[in-house]
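First, one chain by itself in structure tokens, the form predicted on its own.
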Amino acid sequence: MIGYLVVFGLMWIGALAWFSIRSFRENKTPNDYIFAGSSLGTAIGLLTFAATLFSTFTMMGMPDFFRLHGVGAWIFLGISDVSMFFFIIWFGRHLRRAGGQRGYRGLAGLLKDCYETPWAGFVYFAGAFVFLIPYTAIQIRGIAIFLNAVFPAAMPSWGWSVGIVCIMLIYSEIGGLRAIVYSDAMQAVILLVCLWIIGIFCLVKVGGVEALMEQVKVQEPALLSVPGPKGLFTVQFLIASLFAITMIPVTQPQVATRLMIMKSTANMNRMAVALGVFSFLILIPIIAIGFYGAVRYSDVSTAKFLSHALFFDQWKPVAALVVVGLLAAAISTADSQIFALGTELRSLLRGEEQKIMRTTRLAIVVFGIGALIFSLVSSDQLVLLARVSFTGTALMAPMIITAVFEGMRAHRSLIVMTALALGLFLLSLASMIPDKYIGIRIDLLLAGIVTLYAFVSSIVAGRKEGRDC
């Protein structure tokens, strides 16, 4: 198997090097470096979106999620993803209009201009940083624990993490977003191929779909219904998750950037529809892998389940491709997050462009080191960590939507409300305040309060002399 791994690994490293060199030559201006020329077509847009949304936590976290919590995970992701793809089309049109009018440099900069105060940009950037660094870290953490389980004698998990971050920073610093987009396209194809091959192998090993479901029913029937054996999929959890995932195109800077750099709105709309199809093609084999784990590896750790289901139980060339695919997935998504944070910082800076770019590049390195440190101390619950990230950034959605949508008036008091909501949510995560009030989850309660306040404040501001962003 080492031979296959060396061949696939060298091919992947070679592709990254070629993407970096090609992108370096094509980047003529700072905007080319930051926004990849703003000319993504439907196909490349689909693949870079897919790689950004479906990453290490999809390939590793979601099978483990199905193994532990059952079919409710399909509701958790399937329905929420459909809602998100609709919102990509709806929100994307308004964002592209607002960004085109104001000269888009990043969401933080756009909010700063719309609210006419830098505090709007600072609150958004702070929220994105606090919740995206952990999300980036779980990509690194996920592949590190997998590689450590598969190759325990090679190096400790922290060594794998350091290597991943180094590769990520080198080629993204050289080629910018263009290199990241090219690597995304490769990673998305590898991810889809790997998942289907693994899913089919898992079904073959247990005798097919019907045999797999029968074995799950006998071993743990609660996996086939909600709220699942651990009681996770309650109505409130699913509603809060729906809101958090739907708001990804609104609040996640790496996704918003990709909406802005599509060649046209028509390309963006076609991409969103194709992305819906891609997501279901991703989720179908994940169910098979997860339930295979529920039958064969119900009482083992996450690392052991993943190392066997994705590696030791597979055909050797497939196992080698999985290792490379997981590395590509981790790096592709992590560098998109880190690069997006650098872009958001740049949008808040003013001064000489050359100096701003030096600061931006240095910040990207600092953010990468921060993600590395967090990955060393984070837990193995990849999906739940990802959901916390989505939920935290989703609390900023009302502030963003109010500023971007035509006909709504942005009131500055909404900035304060958003900052308070983010602070309270962080306190609940730290167990410093309860995570439920009057029987309602605090994330759902905060989202409802901020959304209602945004609606009311927009109406009040509209009756006064105001500004239409």
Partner chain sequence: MNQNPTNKNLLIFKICATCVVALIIISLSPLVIPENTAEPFLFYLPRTLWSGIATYILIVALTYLATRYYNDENEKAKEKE
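Nothing here was measured: the structure is a model prediction, and the numbers come from that model. Positions refer to the first chain, counted from 1.
One more form of this protein, predicted together with the partner chain, exists but is not displayed; see below.
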### Task
Could you tell me which one of 287, 192, 206, 123 places a heavy atom within 4.5 Å of the partner chain in the model of the complex?
287
### Query
What is the one choice in 273, 170, 200, 349 with a heavy atom within 4.5 Å of the partner chain in the model of the complex?
273
### Message
Using a 4.5 Å heavy atom cut-off, which of 328-336, 147-155, 355-363, 74-82 contacts the partner chain in the model of the complex?
### Response
74-82
#### Entry: is_contact(residue 279, the partner chain) in the model of the complex, heavy atom dist at most 4.5 Å
yes
### Message
Considering non-hydrogen atoms and a 4.5 Å limit, does the partner chain approach residue 235 in the model of the complex?
### Response
yes
### Query
Does residue 301 reach the partner chain in the model of the complex, with heavy atoms at most 4.5 Å apart?
no
### Contact test in the model of the complex: residue 117 vs the partner chain, heavy atoms, 4.5 Å
no
### Task
Let me know which residues along 176-213 have a heavy atom within 4.5 Å of the partner chain in the model of the complex, or say none if there are none.
209, 210, 213
